[in-house]
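Consider the single chain below, provided in structure tokens and representing the form predicted alone.
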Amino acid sequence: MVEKGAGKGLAAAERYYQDYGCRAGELKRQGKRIMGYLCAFTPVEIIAAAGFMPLRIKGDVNEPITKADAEMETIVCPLVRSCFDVSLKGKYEFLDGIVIPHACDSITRTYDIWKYTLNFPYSHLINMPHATDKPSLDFYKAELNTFRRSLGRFAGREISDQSLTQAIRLHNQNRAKVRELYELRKMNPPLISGAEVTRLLVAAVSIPVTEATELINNVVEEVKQRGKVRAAKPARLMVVGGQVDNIDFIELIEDSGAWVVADDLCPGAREFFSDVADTPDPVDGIAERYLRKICCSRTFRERRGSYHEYLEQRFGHIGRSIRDFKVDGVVLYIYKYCDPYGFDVPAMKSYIESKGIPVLYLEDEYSMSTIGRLRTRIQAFLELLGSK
């Protein structure tokens, strides 16, 4: 259950957000083992089934990157560099290990730097394919079973099918609760702001899954009591991008006169909207979800049909969110040196605009230093929406 004294809903989320990792540190002192990970493609169910608490490693947009520059090239994604920098500075010194999936090159190609520089007791790279065909799925299942055996040896116990099935059930319950939270954003005005959702979901990936589910449920119940008392705003926006684990950018949009009512972000809809299916071999369901159900630019999808059909196959989930959340405009928020999303921008922009929805493309650093420049462009975009 959510720790006593932290509050039950939004107040607890604020505490876990502001003092990120505090709950993991407390549990570590109580004897719980904590496993850090990067990226939504890490199968947290396997980590939890081994008896570890998964902790999503995040950076700090307010902390200048200094120590990381001595170990990691500056053309690496600024988010990854920030995560590594705060790790070097002792932010996650309580971790028992780290798990890194083959996501993008910035994450994968820096694995050896994480492993040898931080020297965690345990580290593992999950070699995840970029394609989704059957041979790729079979390869990925084998990789997951390798990870399962490796982590089991470190944990000192075999990871049973029963423990995996239980972990899958708990994480699916958590995802269902997030989807319930998102329903509150469909109202006009939404019952919960985009900044509040981001703060809550960042907090949720820093605490045990059962506590996260309880926390989200408490926020849902708390927010439902608000009724329709929030101020109306002229625009409903969706933000699409990689990992946004700080509320300042979302707050900037909402302070400029719009609601952020939908997203395709991590942590966000991309990370929480798909479940692991109930399969006789639980690894089959895990492999299917992470390789085929999470829609991310790092995953290659073979072209089928016409170009427009191909765009629908790749970005249809964004189109459905635009429709379901009644979105007026989309902000593509891409970090500098993020090649997977950078290469996807033209096709993604073309697809969204084909739905009659204006698009603002922003390339940014993982830093608070660019807020002034972003504010000017967001305000201009909102003026454009207002003139339509």
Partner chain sequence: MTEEKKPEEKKKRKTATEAAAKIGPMVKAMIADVLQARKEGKPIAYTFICCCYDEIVRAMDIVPAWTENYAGICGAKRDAQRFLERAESEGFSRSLCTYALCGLGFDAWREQLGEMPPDAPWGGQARPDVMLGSGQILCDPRNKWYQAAQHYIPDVPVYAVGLPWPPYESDYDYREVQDYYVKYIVEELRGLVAFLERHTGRKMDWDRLSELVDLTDRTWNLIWETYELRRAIPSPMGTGDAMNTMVPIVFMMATQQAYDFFKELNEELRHKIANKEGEVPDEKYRLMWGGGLPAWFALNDFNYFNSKGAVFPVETTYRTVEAVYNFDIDLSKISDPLEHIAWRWVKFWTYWYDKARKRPGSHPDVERLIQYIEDYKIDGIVMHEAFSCRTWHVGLIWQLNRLKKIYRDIPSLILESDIVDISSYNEADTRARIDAFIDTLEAVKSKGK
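What you are looking at is a predicted structure, and each value in this text was computed from that prediction instead of being measured. Numbering follows the first chain given and starts at 1.
The following text describes the form predicted in complex with its partner chain, which does not appear among the structures shown.
Interface membership of residue 51, defined by any non-hydrogen atom within 4.5 Å of its partner chain in the predicted bound form, is ruled out.
Although the partner is absent here, residue 232 sits far enough away that none of its heavy atoms falls within 4.5 Å of its partner chain in the predicted bound form.
Using a 4.5 Å cutoff between non-hydrogen atoms, residue 143 counts as a contact of its partner chain in the predicted bound form. Mapping the unseen interface onto this chain, residue 345 counts among the residues with a heavy atom inside 4.5 Å of its partner chain in the predicted bound form. Only one of 182 to 190, 203 to 211, 235 to 243, 293 to 301 lies within 4.5 Å of its partner chain in the predicted bound form by heavy atoms, and it is 293 to 301. Proximity to its partner chain in the predicted bound form, defined as a heavy atom within 4.5 Å, holds among 90, 280, 156, 135 only for 135. The single contact residue among 117, 172, 166, 313, judged by any heavy atom lying within 4.5 Å of its partner chain in the predicted bound form, is 117. Looking at its partner chain in the predicted bound form, residues 42, 267 and 323 place no heavy atom within 4.5 Å of it. Of the residues in 254 to 276, none comes within 4.5 Å of its partner chain in the predicted bound form through any heavy atom.
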